[in-house]
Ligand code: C2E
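Single chain ahead, written as structure tokens, the form predicted alone.
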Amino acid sequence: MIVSAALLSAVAVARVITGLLLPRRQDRNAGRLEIFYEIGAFAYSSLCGLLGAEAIYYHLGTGASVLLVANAIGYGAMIAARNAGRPAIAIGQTLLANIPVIVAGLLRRDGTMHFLALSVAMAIPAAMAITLNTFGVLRDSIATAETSRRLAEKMQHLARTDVVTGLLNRAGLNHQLVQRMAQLGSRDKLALFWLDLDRFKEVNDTLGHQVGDRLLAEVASRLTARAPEGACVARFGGDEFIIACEVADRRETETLASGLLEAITRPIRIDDARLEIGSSIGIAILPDDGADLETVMQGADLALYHAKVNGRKQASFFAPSMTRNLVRRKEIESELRLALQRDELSVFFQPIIDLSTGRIRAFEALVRWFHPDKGELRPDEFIPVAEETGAIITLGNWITTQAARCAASWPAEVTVAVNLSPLQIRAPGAALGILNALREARLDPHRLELEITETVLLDQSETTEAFISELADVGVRFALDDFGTGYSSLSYLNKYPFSKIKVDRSFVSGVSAGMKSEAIIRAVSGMASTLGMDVVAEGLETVEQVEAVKAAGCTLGQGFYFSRAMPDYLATMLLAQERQESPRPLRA
């Protein structure tokens, strides 16, 4: 008895010490801990049962016997629920604690002890049932919790993933960037590339959204393949992508940007369609361009805006001056919408001269903005802003209306030319707006000439073709503006009803003006003469330039040599004065 009690005490102390020390060890192993626990549990259960059996067998006093037997039976019953997570251990402990008591009770020649042994034996199956039922409940609860965890992880993944491309979405990008920021060292640099696809909307409009989605998926695949290992690649929304990665310096960033541009600009084939899509990239670097994530993202956004304004298909690094320019453009954007209501805008007219007679053949309508506080704003300041914000549609219609009203009072042989923005042409009801302007001004459609650039025709849009066809059918004339600066495709001259070609001023007064330019003008003029078109030379500033373009075959001229743009009343006075004077042909 004394030996068993001592062993029980020793095992209890050993289990307490093991439970306190083993979990704190750095090399702890779950399997090793479980083995230690099983040895201690079975040893303690066996000794509890042995002490209960010895108390019965050796006829100890009533109090001691009741204490030791109750301890054995109670431990066996208690452990059935406590260790139900490991049914084998729980059932083993129950049997080891109770079987010695049963055996000792049966060995006594006492009916009471026999009844005790029978009662304990009948309690063992009940304890085992408790163990197994509890284990089943625990197992189901754990399985349910695991299913819920996996479902939560899946929902979280879906919430942070773009469905079309499989990349991170905006929420996923923010989460990844916050984690990446926390891991950056004091000397580490994080480059943020903000990409915007060029002409993606046209793919959606002409080929459908399914092709557009497949295009986005292909771009995402190329970006992922080209991005450095470990980079965050996300679709920020629409046709915009963001890539964030650590870089060593600006040179490495430039190399990465060039690789990303090259990857996107390679032709993409989807079914039978061969798509060529470009991209603009804005780049900002942390901490060079900002100390926090929000500032760096704003910098990359500004740099992207700058890249798009400067002609697209290029990468632009953030510079502090971009912030000032943006503030300036935002001011212009907000004030431009009020300028029409405040009568701050005016239409000026620059004469287009017949080089053979010296008489005015037409006037080009040019918008001017006289701000009450900032003075006169140049068109190259506010026209790009109007195009980016969509205000060019309202502005263009207003210019056409004002120009038509003024031209209605001029001699019938004098026409008026109005520049059209690509955005204005593609706007719903564009042709109807121009027809309404002609109707209100009571101007013959033959006296209106609309100047459009090659960029309008590059897309070969059905909307553009319908616009030109509808107006040409009623007599409106069309001129191809800035000829020679783009593709200069002769197919445009054959396909569309142009009556005039305007040779860009760079061929006349630019740095490249010279013998080659004169040869080009001569070739264009010869072609135009064959097709029955007039050729206008823009940017004429000297008499030598006038004589040169006239000798090259140009029929009309425009520029400061003849006159600057003027208000409508001065244009009217100039026409009246010209009618009173005899024409003086220009020298050949």
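Note that residue numbering follows the sequence shown and begins at 1. For clarity, a rigid core is taken as the largest C-alpha set superposing within 1.5 Å between two forms. Since this is a predicted model, take the numbers as computed values, not measurements.
Quick note: we don't show the form predicted in complex with this ligand, though the next part is all about it.
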In the predicted complex, Asp380 touching this ligand (heavy atom, 4.5 Å): yes
In the predicted complex, Arg86 touching this ligand (heavy atom, 4.5 Å): no
Interface membership of Asp481, this ligand in the predicted complex, 4.5 Å heavy atom rule: yes
This ligand contact in the predicted complex: Glu364, any heavy atom under 4.5 Å: yes
Candidate site Gln350, Arg368 and Ile399: all three near this ligand in the predicted complex by heavy atom within 4.5 Å: yes
Per-stretch contact check against this ligand in the predicted complex, the hit in 548 to 556, 65 to 73, 531 to 539, 43 to 51 (non-hydrogen atom, 4.5 angstroms): 531 to 539
Answer option from Ala257, Leu420, Leu223, Leu167, heavy atom within 4.5 Å of this ligand in the predicted complex: Leu420
The unique member of Ser316, Gln424, Thr253, Thr94 whose heavy atoms fall within 4.5 Å of this ligand in the predicted complex: Gln424
Trp194 C-alpha relocation of at least 2 Å between this form and the one not shown, rigid core basis: no
C-alpha of Trp369 moved at least 2 Å between this form and the one not shown on rigid core: yes
